[in-house]
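Below, in structure tokens: the form predicted alone, a single chain.
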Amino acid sequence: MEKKVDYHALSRYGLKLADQKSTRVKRAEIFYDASNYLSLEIEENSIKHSEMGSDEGMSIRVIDKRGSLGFAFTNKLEKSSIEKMVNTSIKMMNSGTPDPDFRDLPSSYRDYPKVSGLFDKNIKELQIEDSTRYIEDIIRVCRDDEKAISQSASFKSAYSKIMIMNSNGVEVQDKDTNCLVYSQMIVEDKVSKDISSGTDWQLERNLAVINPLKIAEKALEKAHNNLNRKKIKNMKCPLILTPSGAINLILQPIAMGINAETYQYKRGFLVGKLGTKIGSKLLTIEDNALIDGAAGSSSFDGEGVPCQNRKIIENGTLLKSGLLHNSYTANKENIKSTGNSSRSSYSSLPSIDSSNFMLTPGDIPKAEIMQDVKRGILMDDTGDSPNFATGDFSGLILQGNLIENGEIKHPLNETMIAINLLDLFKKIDAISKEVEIFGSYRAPYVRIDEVQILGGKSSTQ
């Protein structure tokens, strides 16, 4: 339950105290966060753990004229604890290393975008006994399937309220909710004794759109489709990425590559690529924090900067304005923050993250994308990650199938993909109009013209 704490008064007290305690403090910021959470865990297809809890706390950042930063936090919201927190942050600031790039905190803004559907009172008021009915469908799907032998799953919900106040006049607050359902099914072919697994999940702001039954059924379908995997020979062929596969090999690497902090340290395969063509004309990506009800949406970021809808890649070109910034990285380049500061809780410093990161769909049904493939690969999941420095990827296909004459055939065993991500982006030759959403990522089906496939079957087999 929420505690009755006047966190506005405590925040103003903390900022005033920081100003009084040291003449060296140039700017100060208070971040308040309160959350309630609920969690149900399923192991071996039965509820093994349930928990409800809450957390509440406050942190302060202080910066001096040298750019030295001090940071401290507390989960005891009373004046004496706030004073200790302020004193600790000032001590850290005084002994810290000067940083000329840490120039200032965000200033106040007149207007913030209105984003609806981020708070659902049904999630806030959810109790353990109410949540079990969402778990029942998941358990039943596994229990009623003759090939299913086990399941790990979870149902989680959270309500959060935050407030940001700084000495430049920023004062914003908001509340939001989210709900997650996850299922991993394990199945066994009774004849061949082959065992396989499949996973699916859904993250939403609104309880009414959560569909545990659909998630469990999809996880089970994936597990079935991955039974009795077969080896194939080496070949060069088209690769079709499912939305999950497109997130793995396109959206997530690009989101990491356009993180301004990473880019400014010259890390990653996209360094030096701003303003250049990095993919086919079909590749268009945006970062949109303003979608009503979406998992990655917000009206302001972790520093109180208004969030935006921004194009990152347009028709294959990584835009010069395509990096994601918080106030620190933006100040280094004398530009405005893009509103991508991220805070996981009051105990963490701001980092940078994408909002709703989306690959623009095409106008072709996914069936048509496959029907022209005489022999190719459908990939849904890989257990490996690209080399972020070079973009090289050599990874095992955990869940994927052979495609022959436009039809999905048997699942793959000991099959790998080898390609550089920039080559993969340039070889995109078809994108479906169907889109799937996984949390803050949205992706269609994507066809890659030609990829080197390393099969586990020798030429003599």
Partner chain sequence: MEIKEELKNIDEPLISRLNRLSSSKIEYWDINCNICEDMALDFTDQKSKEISSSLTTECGIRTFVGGGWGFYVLKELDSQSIENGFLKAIKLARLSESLTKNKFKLGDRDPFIKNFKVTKKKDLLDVPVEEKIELVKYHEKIASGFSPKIINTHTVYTDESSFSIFLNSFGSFIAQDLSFIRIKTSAYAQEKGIIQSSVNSVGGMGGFEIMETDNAKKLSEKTAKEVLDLLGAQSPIGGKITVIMDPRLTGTFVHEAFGHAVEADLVLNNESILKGHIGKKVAIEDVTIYDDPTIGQGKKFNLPHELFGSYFVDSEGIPSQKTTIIEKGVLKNFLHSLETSSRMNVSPNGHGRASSESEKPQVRMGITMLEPRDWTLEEMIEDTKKGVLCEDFQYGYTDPITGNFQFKCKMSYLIENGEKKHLMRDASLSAMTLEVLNKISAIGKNIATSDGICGKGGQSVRVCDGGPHIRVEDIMIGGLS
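Residue numbers count along the first chain shown, from 1. Only a predicted model underlies this, so the values are computations on that prediction, with no experimental measurement involved.
Keep in mind that the form predicted together with its partner chain is missing from the display, and what follows is about it.
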{"item": "Interface membership of Glu56, its partner chain in the predicted bound form, 4.5 Å heavy atom rule", "value": "yes"}
{"item": "Proximity of Ser95 to its partner chain in the predicted bound form, heavy atoms at 4.5 Å", "value": "yes"}
{"item": "4.5 angstroms heavy atom contact with its partner chain in the predicted bound form for Asp137", "value": "no"}
{"item": "Contact flag, Lys266 vs its partner chain in the predicted bound form, heavy atom cut 4.5 Å", "value": "yes"}
{"item": "Contact stretch among 65 to 73, 402 to 410, 432 to 440, 22 to 30 - heavy atom within 4.5 Å of its partner chain in the predicted bound form", "value": "65 to 73"}
{"item": "Ser108, Phe119 and Ser298 each touching its partner chain in the predicted bound form (heavy atom, 4.5 Å)", "value": "no"}
{"item": "Contact residue in the predicted bound form, chosen from Pro386, Gly245, Gly376, Gly279 - any heavy atom within 4.5 Å of its partner chain", "value": "Pro386"}
{"item": "Residue among Ile335, Leu213, Met235, Ile195 with a heavy atom within 4.5 Å of its partner chain in the predicted bound form", "value": "Ile195"}
{"item": "Stretch 149 to 164: residues contacting its partner chain in the predicted bound form, 4.5 Å heavy atom cut-off", "value": "Ile149, Ser150, Gln151, Ser152"}
